[in-house]
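Here's a solo chain for you in structure tokens, the form predicted on its own.
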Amino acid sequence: MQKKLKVVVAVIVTLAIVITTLFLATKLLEPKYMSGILEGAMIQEYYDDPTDHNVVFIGDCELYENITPVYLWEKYGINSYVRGSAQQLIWQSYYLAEETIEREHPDVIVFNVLSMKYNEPQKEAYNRMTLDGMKWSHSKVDSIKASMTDEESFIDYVFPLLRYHGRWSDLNSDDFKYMFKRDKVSFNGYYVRVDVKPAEDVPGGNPMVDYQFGDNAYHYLDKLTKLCKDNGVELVLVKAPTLYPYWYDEWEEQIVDYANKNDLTYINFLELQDEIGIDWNTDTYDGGLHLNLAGAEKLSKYFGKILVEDFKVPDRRSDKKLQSYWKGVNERYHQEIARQRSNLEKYGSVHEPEENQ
């Protein structure tokens, strides 16, 4: 009997050692996104926010670099979050919206329509920046299945070590420093940049063979519309006021038609850029692809007024718990703005030289 017990204990101890080793190896090898490509860390940060949001933005960089929830809070008392990620595809946006509505009940979900241009899965690297950060749920499972390219395997998402085991030679200090705890890189999902690069020689759109959005893209837009209506959430479609990727008139017509048929609000901020006050000499940090802080605050000021007046989003600045939460976010936000401005003066870039990082 004692011999059998020893064998059982030995097996349990061995399994525990193996599981612990695999866990630690996974934590070490998975990308941290604490420098360089910060966007891969954004999706995960949502789960650290203990508040309930009245407005949730879902979509790609045209939201997380162009709308600042900090400004919406400071000026309008709107509690919001941007659940954005790089090249977020519409099915990924749908499943993020599904998960969000199951976790909380926002008054408004805002979806940026640029991703309608994609009808099929694109690149694993972008998939990972959205999917790896999601908590496990049926929404994550379904999003993985909808997003995988032909070269990807579902099991690699379940056990990331299978995907990242080859990173041993690429490990750096960040992999050890952020093995268990990571810094915040966004401010309720907003990626701040204070530098300026004027929009010059912006390319126009090249003629396309077919301007029609694909059936798969429309399928998920239908699902998103139904999800919001079934749950009493206002769905607002928007096109961010960025100069490229180019937004074709044929695409615009399709979204206007869809919004009319489904009784949705659609706002094309490109057409309103003069009214918003966007100056492409000062309000972009990368030549018109994204807005910088100055541009994002202008867009947030304009959109915030619409959210308050047209959608009756409440001013919650009297909420003591929210005051406490936003105090911390505001402190980090203004510290980051000051850091970037200081770096611009010292180094001519918002980023510190590598030897100083």
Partner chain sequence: MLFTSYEFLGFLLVVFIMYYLLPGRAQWSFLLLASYAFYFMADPRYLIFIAITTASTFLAARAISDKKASFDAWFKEHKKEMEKDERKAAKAKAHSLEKKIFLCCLLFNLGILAVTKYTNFTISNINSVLGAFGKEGTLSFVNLIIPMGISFYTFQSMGYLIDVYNGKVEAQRNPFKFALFVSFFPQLVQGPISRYSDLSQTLFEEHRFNWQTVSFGLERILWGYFKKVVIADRILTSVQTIIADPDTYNGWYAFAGAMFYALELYADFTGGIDITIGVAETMGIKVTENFIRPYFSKNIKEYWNRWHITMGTWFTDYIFYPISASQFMMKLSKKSRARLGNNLGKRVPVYLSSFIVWFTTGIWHGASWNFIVWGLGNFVVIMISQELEPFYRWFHSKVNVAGTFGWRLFQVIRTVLIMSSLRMFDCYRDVPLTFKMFGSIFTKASLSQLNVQSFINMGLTVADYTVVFIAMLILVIVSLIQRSGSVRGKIATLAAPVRFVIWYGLLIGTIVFGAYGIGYSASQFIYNQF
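Since the model is a prediction, treat every value here as computed from it, not as a measurement. Numbering follows the first chain given and starts at 1.
Omitted from view is the form predicted together with its partner chain, to which the following refers.
*its partner chain contact in the predicted bound form: residue 335, any heavy atom under 4.5 Å*: Residue-level check for residue 335: no, no contact with its partner chain.
*Is there a non-hydrogen atom of residue 151 within 4.5 angstroms of a non-hydrogen atom of its partner chain in the predicted bound form?*
Yes, residue 151 is a contact residue.
*asked:* So, residue 239 and its partner chain: in the predicted bound form, are they within 4.5 Å at any heavy atom pair?
replied: Taking the distances in the predicted bound form, the answer for residue 239 is no, it never comes within 4.5 Å of its partner chain.
_Would you classify residue 158 as touching its partner chain in the predicted bound form, given a 4.5 Å non-hydrogen atom cut-off?_
Residue 158: no, not in contact with its partner chain in the predicted bound form.
*Would you mind picking the one in 272, 256, 162, 141 that has a heavy atom within 4.5 Å of its partner chain in the predicted bound form?*
Result of the distance check: 162.
*Identify, from the list 183, 174, 124, 250, the residue with a heavy atom within 4.5 Å of its partner chain in the predicted bound form.*
Going through each option in turn, the one that passes is 124.
*196, 199 and 347: each with a heavy atom within 4.5 Å of its partner chain in the predicted bound form?*
The answer is no; none of 196, 199 and 347 reaches its partner chain.
*Of 75-83, 101-109, 166-174, 264-272, which is the one stretch near its partner chain in the predicted bound form, taking non-hydrogen atoms within 4.5 angstroms as near?*
Stretch 166-174 is the one.
*Going by heavy atoms, what in 6-23 lies within 4.5 angstroms of its partner chain in the predicted bound form?*
Residues within 4.5 Å: 14, 17, 18, 21, 22.
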